[in-house]
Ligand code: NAI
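In the block that follows, a single chain appears as structure tokens, in the form predicted on its own.
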């Protein structure tokens, strides 16, 4: 499976999780591909095609068991495990991520925070003291880190990347510089402006 699955399909799986969470909150036990499609603004055919990439989840005319489907998608995404995380860059974006408590609830534990700003070094966020970024290389050499969350300014991005690549399994990159994956390190580049700029386009081109 793995690399044979389209990235577009993989990116839709978290949306399925969000919709299934809503159904579970309403104590809905079964859901059809049509009902999922309506919530997603998709088609029943697309929903079935997505799920067929990973096996046969439901029964024709019978739908999907909501809890079972939710658990299966979490398993596919790897959300049935715990992940050790570090955060590099404790500025505004970094602090927003640190303070988003849901991450730890779903298995993403931020174990260390690093920053170059002496005003932030020594400050604690959610019980974690910010360390000087000079200690980053030593820390990742001594600890098995799954994910590094990168929230540093552009000028520091490539230097920090050189320290992290091939030592952590994944980088969630909020810097303005796109980073490339390696054979060992996966990278997800996040640009906060992209969604806003897309929204502005649709505002100005509604007709």
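What you see is a predicted model; the values in this text were computed from it and never measured. Residue numbers count along the first chain shown, from 1.
The same protein has a further form, the form predicted in complex with this ligand, not shown here; the description that follows concerns it.
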| item | value |
| --- | --- |
| Residue 32, heavy atom within 4.5 angstroms of this ligand in the predicted bound form | no |
| Heavy atom of residue 175 within 4.5 Å of this ligand in the predicted bound form | yes |
| Contact label in the predicted bound form: residue 153 to this ligand, heavy atom within 4.5 Å | yes |
| This ligand contact in the predicted bound form: residue 92, any heavy atom under 4.5 Å | yes |
| Option touching this ligand, based on a heavy atom within 4.5 Å in the predicted bound form, out of 112, 79, 98, 120 | 120 |
| This ligand in the predicted bound form: contacting segment from 37-45, 175-183, 62-70, 137-145, heavy atom within 4.5 Å | 175-183 |
| Partner contacts in the predicted bound form for 177-199 (non-hydrogen atom within 4.5 angstroms of this ligand) | 190, 191, 192, 193 |
